[in-house]
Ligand SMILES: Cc1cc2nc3c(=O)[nH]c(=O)nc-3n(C[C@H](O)[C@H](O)[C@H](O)COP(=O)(O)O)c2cc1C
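Here's a solo chain for you in structure tokens, the form predicted on its own.
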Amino acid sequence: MNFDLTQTDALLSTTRAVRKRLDFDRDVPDDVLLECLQLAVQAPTGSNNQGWRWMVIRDQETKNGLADIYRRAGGDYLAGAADAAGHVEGQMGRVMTSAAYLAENLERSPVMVIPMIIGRLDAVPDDAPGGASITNAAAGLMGSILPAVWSFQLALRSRGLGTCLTTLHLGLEQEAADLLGIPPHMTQAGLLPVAYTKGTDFKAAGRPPVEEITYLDTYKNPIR
């Protein structure tokens, strides 16, 4: 299979966490959303359990409730972001500004999507047999949903939509579960506001050279 590497690399390197450029006034059709989710569930899962589930929220009252939970759960962080937005420069300042903006406007999202995975970390005892520690269980559980979330974000980007994976509401996860009727055996992995983007001209972000953060055989041996 011959992929167009220019297009593929552009998709991978320009799929950003979008907040301020979400178009809250444009509807997101169900067929586009479901098409992106269909691609998302092609992602690998632990033991091929396919335990991902997706909650799509369109009802305005429910979105209002989730936005309220989000702001209350993230109170300290959001207050810090709002404060930092006024005097922190560069990329971090832009992140703080956009985080504060999203918190103020979250309920305006045409659609919210909550990715979920079957299972609970709090159900795994520290001394579980077979090496099933909390660390190993967390890696397995989140590793079975986050690849699908990223595939979902890539599929959205390729169709002119954007989102960002937010996790602040998980500080009050049970409140959100009660609001949405999510059963106790499910774990919420985040919340994604979904909308078409204002323009599609996103660029690659500044990142350190991988040679500076990659190690060969031992952490004491940088690859370069």
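Note that residue numbering begins at 1 and tracks the sequence as displayed. Computed from a predicted structure; not experimentally measured.
One more form of this protein exists, namely the form predicted together with the named molecule; it is left out here, but the text below deals with it.
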Quiz item: Do heavy atoms from each of 70, 164 and 167 fall within 4.5 Å of the named molecule in the predicted complex?
Solution: yes
Exercise. Go through 142, 95, 118, 154 and name the one with a heavy atom inside 4.5 Å of the named molecule in the predicted complex.
Key: 95
Practice problem: Report whether the minimum heavy atom distance between residue 17 and the named molecule in the predicted complex is within 4.5 Å. | Solution: yes
Quiz prompt | residue 99 within 4.5 Å of the named molecule in the predicted complex, heavy atoms | solution = yes
Quiz item: Is residue 216 close to the named molecule in the predicted complex, meaning a heavy atom pair under 4.5 Å apart or at it?
Solution: no
Quiz item: Does residue 205 reach the named molecule in the predicted complex, with heavy atoms at most 4.5 Å apart?
Solution: yes
